[in-house]
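Below sits a lone chain in structure tokens, taken as the form predicted on its own.
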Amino acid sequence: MRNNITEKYWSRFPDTYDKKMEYVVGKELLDEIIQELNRLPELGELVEFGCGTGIYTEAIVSKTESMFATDLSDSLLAVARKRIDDHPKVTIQKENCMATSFPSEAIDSVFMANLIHVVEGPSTLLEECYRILRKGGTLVIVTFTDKDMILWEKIKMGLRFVKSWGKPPAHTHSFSPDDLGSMMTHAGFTIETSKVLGNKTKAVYIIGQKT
């Protein structure tokens, strides 16, 4: 039931999803995130959780040997399929990121953008990442945050969110780098990179390695 509620919430506006995200957090932050992804090393075989419409799939695929772009929403996956246009490296499929169909210790890298702060069980999600990653595998997380934002910018971003999406899910989080780093460490990851991106609006960018 909860998965159905989550899917319905984020599936309401597939054709305007990207525009709404840009309106809420700003193009400057989205561009900075993509610039960081462009600096990543080779990531081997990668699973992307919460690919949505595929906006970050496009940015990260060049760093992979192959990748699975996954999401819970059928309508967002349909947009991603149009965007990716049968890219030879990309397999698009529906997955519940909390309990996926991937074998244990089978994947080189996991990537998720703007997902962990809206799931009900972030620790469970990190445990699933750990399970499917090979030893030494890489976890890359980008997640919007209101940490280090001035109060007025927080208020304006909140109003833009409500105007675009309505009331946010009750389990929405806002992680600082320390918050997320602590959770990742507890799940068995060693933190390699941790920083906050953005000017007026912010995102946590963190990379860990399975130990």
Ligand SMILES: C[S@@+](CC[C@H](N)C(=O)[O-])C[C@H]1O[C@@H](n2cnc3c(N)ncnc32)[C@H](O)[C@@H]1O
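In this text the structure is predicted, and so the values were computed from the model without any measurement. Numbering starts at 1 and follows the sequence shown.
The same protein also has a form predicted in complex with this ligand, omitted here; what follows describes it.
Engineer: In the model of the complex, is there a heavy atom of this ligand that lies within 4.5 Å of any heavy atom of residue 138, even though the partner is absent here?
Structural biologist: Residue 138 lies outside the contact set for this ligand.
Engineer: According to a 4.5 angstroms non-hydrogen atom cut-off, is residue 76 in contact with this ligand in the model of the complex?
Structural biologist: Yes - in the model of the complex, heavy atoms of residue 76 and this ligand come within 4.5 Å of each other.
Engineer: My question is simply whether residue 92 lines the interface with this ligand in the model of the complex - judged by any non-hydrogen atom within 4.5 Å.
Structural biologist: Residue 92 lies outside the contact set for this ligand.
Engineer: Residue 55 versus this ligand, in the model of the complex: is there a non-hydrogen atom within 4.5 Å?
Structural biologist: Flag for residue 55 set to yes.
Engineer: Looking at 35-43, 64-72, 151-159, 173-181, which stretch has residues with any non-hydrogen atom within 4.5 Å of this ligand in the model of the complex?
Structural biologist: Contact-bearing stretch, as computed: 64-72.
Engineer: Heavy atoms within 4.5 Å of this ligand in the model of the complex is the criterion; list the residues of 20-45 that meet it.
Structural biologist: Heavy-atom contacts within 4.5 Å come from 21 alone.
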